[in-house]
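One chain comes next, on its own, written as structure tokens: the form predicted alone.
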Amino acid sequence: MSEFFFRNLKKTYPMVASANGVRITDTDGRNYLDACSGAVVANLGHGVPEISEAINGQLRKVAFAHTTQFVSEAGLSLAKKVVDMTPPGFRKGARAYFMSGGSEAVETAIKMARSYFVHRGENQRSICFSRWQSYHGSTFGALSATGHPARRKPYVSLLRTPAHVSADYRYRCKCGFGPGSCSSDECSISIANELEAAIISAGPENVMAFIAEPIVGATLGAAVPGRAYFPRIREICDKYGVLFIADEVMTGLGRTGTTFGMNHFGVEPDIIALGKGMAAGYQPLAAVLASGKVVKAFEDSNGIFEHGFTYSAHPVSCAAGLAAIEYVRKHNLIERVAEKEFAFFKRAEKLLETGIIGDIRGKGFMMGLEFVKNLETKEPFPVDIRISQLVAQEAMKHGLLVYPGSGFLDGELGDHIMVAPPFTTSDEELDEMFELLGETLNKVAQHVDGVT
């Protein structure tokens, strides 16, 4: 018994004792190889002394100062550092707004988009389009934008009216063919054009923003869109004066082998939401980056963004984020992820021999494995098999941590896991990781073969 409100009150959890590098130890002395950086957060692994020292140094100066009264040196330095990492067209006049987590970042981004139009005198613009099979957070605004049926289901009556279009989900492309079999540009443009149709239907004068993950994370397991998708989205947003929000909470700051996931598509958004690995898990930290275009609307009006959190731009969190970014740059870790990408995905090919993986996808150190019952028809496993949970549980028995996901097809069907290790993972640790994953999947494949 415990007073702790667990995520699942009918499940038991090991108690964490310590962590170092890419390994976590529980109080029973069991060691786990972290193949998913927690929830794709601990991008630099555990126990980086430079970050701990930065946190302690800030604590010795001041632990907390409210942003209605003060700004901290750490906050100013972090803002400059992260804005300097954005694309040239975005960067001029851009500013950073800090908060504690990804859901808060998405809430902030959506409210910033609304405020942009209020300051411009376009008060009727209030619709924010997003995509099905997306995840943007658990707060009400972010959950309204989220397109994962199972996560939405208990709260639908509280959420805003759905304003969703299709995602460019290559494995189950609407043309009926798999990756490499269809004309990706044609299909991607067709799917992107759903946004234009939705904007026209709603009335362009009523639409304020479109939000999307560059590479869909938790709900679609690292699904990468076709190369023509986001350039077409950018054209549509420009045509109708709609702001484009890039949800880079999972992909941002190196996870996909580039500073921002959107860099892969040569597209610059108007607003960027960051989180998760921004401080590599050493402190709660997230950010919204507003392009110069967005900032100017505030500057040309009264300058006020009617929004804020108690812990916005927390000095200790900002110090941790600054140290984390400096560590990444000092050790060329984004470049390292890009260099290791091919070998990372090559290691996964042997896993196809298990016969339960329909698709391996992703970029950088962000990999998704989708499980299917039938490789030819792509039929998903029955709901009662709960295969992604089976894999995660079996992996823990093997001393391996992976990130499971389910219900992305219709709220019940559809299973995957994500493999997203820290950027600092050595080649030997990657070899061990995929060896343990292979053992895990073979065990699960035998089990489900007997059940089905």
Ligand SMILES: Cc1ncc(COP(=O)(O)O)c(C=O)c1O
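Model, not experiment: these values are computed from the prediction. Position 1 is the first residue in the sequence shown; the rest follow in order.
Omitted here: the form predicted together with this ligand. The next part is about that form.
In summary, the region of this chain contacting this ligand in the model of the complex, judged by heavy atoms within 4.5 Å and restricted to 98 to 106, 291 to 299, 161 to 169, 185 to 193, corresponds to 98 to 106. Taking a 4.5 Å heavy atom cutoff to this ligand in the model of the complex, the contact residue among 147, 257, 226, 137 is 137.
Proximity to this ligand in the model of the complex, defined as a heavy atom within 4.5 Å, holds among 280, 319, 220, 249 only for 249. Interface residue remark: residue 213 is counted as part of the site for this ligand in the model of the complex, having a heavy atom within 4.5 Å.
In the model of the complex, this ligand lies farther than 4.5 Å from every heavy atom of residue 361. In the model of the complex, residue 131 stays away from this ligand, with no heavy atom inside 4.5 Å. Though the partner is left out of this view, residue 276 does reach within 4.5 Å of this ligand in the model of the complex, counting heavy atoms only.
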